[in-house]
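Consider the single chain below, provided in structure tokens and representing the form predicted on its own.
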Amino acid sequence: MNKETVLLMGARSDIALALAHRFAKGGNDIQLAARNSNGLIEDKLDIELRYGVNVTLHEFDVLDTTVNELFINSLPMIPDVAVCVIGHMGEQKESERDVQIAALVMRSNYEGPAAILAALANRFEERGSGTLVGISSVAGERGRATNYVYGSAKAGLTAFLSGLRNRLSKKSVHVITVLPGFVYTKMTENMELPVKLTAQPSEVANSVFRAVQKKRNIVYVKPIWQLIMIIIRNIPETIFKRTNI
């Protein structure tokens, strides 16, 4: 890809920082957006020194949707590629007991990401170019008792990205849905994850980088997840409701 500017929202996450390194390695300038963005100064300096690109830091809270336009206007330039890496898994049992905790999970994984991607989509459409990337989850492909609050929010994001892709396909704006499956991150560090089904943040970053280059639509970071989810989606409901997966 030619030199572009890449905006990473949720830039404090392991996946976002891996993406920053991968896109910077490709010669692209980076915009890191997150809450408490000053805490990313060392990462900014490291990426600039390592790859010889420009890196800027931007304060951004995905839950405050009222300032999305101000946030976009504050960027030194409208990015060529925007990636939303924001997510909050929460604890299913806590979400079942407390509607406010459930609402935070839903807003963090659907409402907030969808709102900022929608605002950026309008700018990209006006310009007639750009790529939007949303990090969703295979958890959104069918509701399961163990994580249906998180999964329902990711299902909403996946549907939103699909509609956005359909809307913008004739406007030279590309939309990519990324479905990572399990990833070794701070968010999953207390979980026992199956090794063969779990990706490193660098694997996610490489998959996203290739997807942007090749204008892919839907990306399963580990291809086996596509087969797994086909099977899970097609289990009859009378059987599925008795499972514990």
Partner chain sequence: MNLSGWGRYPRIDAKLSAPRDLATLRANVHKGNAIARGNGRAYGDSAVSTQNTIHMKHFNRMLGFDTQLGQLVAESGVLLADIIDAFLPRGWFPYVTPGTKFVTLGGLIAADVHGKNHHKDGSFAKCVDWIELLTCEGDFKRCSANENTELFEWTVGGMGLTGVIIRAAIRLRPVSSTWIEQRTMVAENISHAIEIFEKFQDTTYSVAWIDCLQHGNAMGRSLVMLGEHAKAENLPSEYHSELLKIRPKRKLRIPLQFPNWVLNNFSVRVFNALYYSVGKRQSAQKLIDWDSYFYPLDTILDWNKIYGRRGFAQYQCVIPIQMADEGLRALLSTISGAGIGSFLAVLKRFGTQESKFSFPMEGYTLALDLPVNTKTLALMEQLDTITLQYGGRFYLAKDSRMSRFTFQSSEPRATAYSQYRSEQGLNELYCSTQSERLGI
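For clarity, every value in this text was computed on a predicted model and none was experimentally measured. Residue numbers count along the first chain shown, from 1.
Although not depicted, the form predicted together with its partner chain is the subject of the following passage.
- The three residues E42, L49 and K186 all sit with a heavy atom within 4.5 Å of its partner chain in the model of the complex.
- Only one of 65-73, 204-212, 49-57, 174-182 lies within 4.5 Å of its partner chain in the model of the complex by heavy atoms, and it is 49-57.
- If you take 121-151 and check each residue for a heavy atom within 4.5 Å of its partner chain in the model of the complex, you get nothing at all.
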